[in-house]
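Shown below, as structure tokens, is a lone chain in the form predicted on its own; questions about how it binds or moves come after it.
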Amino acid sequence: MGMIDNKGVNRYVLLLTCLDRPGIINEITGALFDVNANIVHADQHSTDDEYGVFFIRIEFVLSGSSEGLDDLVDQLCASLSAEAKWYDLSQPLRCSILVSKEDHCLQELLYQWKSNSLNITVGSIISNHDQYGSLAQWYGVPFHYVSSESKHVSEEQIIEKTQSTDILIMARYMQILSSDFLSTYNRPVINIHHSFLPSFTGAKPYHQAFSRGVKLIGATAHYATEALDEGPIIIQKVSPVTHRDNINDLKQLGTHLEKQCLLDAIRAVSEHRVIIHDNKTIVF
């Protein structure tokens, strides 16, 4: 799915989570009808037939302003004991991209962004390697070199340079973000890990996979949390390998998986198709 074309249309998304019970959809659609919203797409999921948790994504259009949507969400949260939020699809997510030496994920994100297939704006590229200035200049994006020699100093600098962002994207940024950083930033941070989690966490996962003689390698896009490589998984992709493949073969195959996996995850998040529940995600 590409970026949604909103020309001439006020298009919005409602994401809602609550305990399941009869009548939820009727109550939500009724509330949307009251503000003259027209539903153009809806998707839902419940974790159980009885006493489950209910999730729904509704895409709708309004002929007027969005002025009544805050009250609508407050009303639904109160009546359904729900968590809910609405989003304007004409407002792309503001992001910064963190990257280290390997640039395949960075290049893919920049290309797809400039091709208008991602509902994001890239505010900056930040790296602990001073080698992306010309690339950033070509795309018209500010580049910041932030040395990783001192974690405390580097994380303070990254926080300072990303105040206006909605999300951070770790596009093969090979530094571990501290719990202090994550709590201070307090917005989604999305990481691409070059293995099929929960297998082969941490450093050199392709070496780990090779030593185990796996027949599948994978990539995982997930939310970064305090627990290394254990955040809620958004997208995973795999590729078969054989005994004939060496570590370099695994890495080469993995680069394609990594960039496609991260791209699909950012697309889903930017189109507001992801709900986090406990340490899992519902991806509509």
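A residue's number is simply how far along the shown sequence it sits, counting from 1. Note that the structure is a prediction, hence the values are computed from the model and not measured.
Below, we refer to the form predicted together with a further copy of the same chain, which is not included among the displayed structures.
Within 4.5 Å of any heavy atom of a further copy of the same chain in the model of the complex lies no heavy atom of residue 67. For the chain shown alone, residue 211 is a contact residue for a further copy of the same chain in the model of the complex, at least one non-hydrogen atom being within 4.5 angstroms. a further copy of the same chain is not shown here, and in the model of the complex it never comes within 4.5 Å of any heavy atom of residue 224. In the model of the complex, a further copy of the same chain sits within 4.5 Å of a heavy atom of residue 111. Across the proposed site, 87, 124 and 152 without exception lack any heavy atom within 4.5 Å of a further copy of the same chain in the model of the complex. Checked against a further copy of the same chain in the model of the complex, the residues 75, 107, 175, 178 give one hit for a heavy atom within 4.5 Å, which is 107. In the model of the complex, a further copy of the same chain lies within 4.5 angstroms of at least one heavy atom of each of the following residues of 197-230: 197, 198, 199, 200, 210, 211, 212, 213, 214, 215, 216, 229, 230, in sequence order.
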